Every structure is written in structure tokens, then in C-alpha cells.
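Shown here is one chain on its own, the form predicted on its own, set out as C-alpha cells.
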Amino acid sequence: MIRAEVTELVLTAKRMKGLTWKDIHEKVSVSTSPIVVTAALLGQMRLEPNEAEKAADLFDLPEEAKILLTEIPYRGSLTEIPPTDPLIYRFYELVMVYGTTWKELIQEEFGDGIMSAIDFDMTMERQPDQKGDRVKLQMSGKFLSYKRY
């Protein structure tokens, strides 16, 4: 079994059981971000063993799938660059348009370095708006200075 097969099993079970990602998060790990739980079940993060156990029970997964859910995944596995899915492409577009601006502003404020995507928090919420609901994403990553050597 490979990790992509586990993702397919999860998505099929999710569909067949009529579960939402919110439902799944509540059953797998309320102490971990719903974004991390979803990313893990889609193959981009890993679950702790107790979380994998709950996910395996929820989705009726075989033992091998449960083990794979706890292994460090190959991250960033988009098959096409630029991505063709319209929603994912908009994030790519944000980086293309604002990436240099974010770089300048972050480095002016913090110095020469990067914002970590490892020591990182992210939340997503629906923000009601009379012109149509908005998606509110908040990201917070530790600043990591480049070392001189």
C-alpha cells in the first residue's frame, strides 16, 4: 500500500459516511488544528498514533493504512505547477503578485531570513459579509534568520 491509496480510502469513506472535515476533526483530534488533521488525512502531514487509531476506526482502514498515517509524508506533492485547480491557483497567484511585497515587508521588519512553514500556525474561518461571505485565513510562522558561516 502507498500513501496515495490511503488518501483515496479516506476520501471514499468520508463520502460514503457523509462526513464533513469538521466531523472528522472532532472524532480524530480536537487538540490538533482541523487544518493539520485534514492535511494529514490528505497525505501532507502525519497523525500521532492515537489519532491514526481513531481515524482508522472511523474510516474502517486496514492496519497498514493506520501505520502510513503516522509516517512522515512526502510533502508538497502538487502534480502540476502552476496548479490548475482554480482555488489552489488563487493561492499561487497571491504568491506571484504579493510574494515580493511580503518578502520586502517581512525582511524590513525582521531582517534577513524566512517565515517558517514548520513552526507555523494557521486558522481559517468564514467571515459573514453582506456582499458575500469571505474566507479569512490567518498564518503565523516563526521567523528564522539566515546564519552567516
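Model, not experiment: these values are computed from the prediction. Throughout, we count residues from 1 along the sequence that is shown.
There is another form of the same protein, the form predicted in complex with a further copy of the same chain; it is not shown, and what comes next is about it.
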I'd like to know if residue 58 sits close to a further copy of the same chain in the predicted complex, meaning any non-hydrogen atom pair within 4.5 angstroms. no
a further copy of the same chain contact in the predicted complex: residue 85, any heavy atom under 4.5 Å: yes
Taking a further copy of the same chain as it sits in the predicted complex, is residue 54 near enough to touch it, meaning that at least one heavy atom pair lies within 4.5 angstroms? no
Does a further copy of the same chain come within 4.5 Å of any heavy atom of residue 26 in the predicted complex? no
Counting only non-hydrogen atoms and a 4.5 Å cut-off, give the residues of 15 to 44 close to a further copy of the same chain in the predicted complex. 15, 16, 20, 21, 22, 31, 32, 33, 34, 35, 36, 38, 39, 42, 44
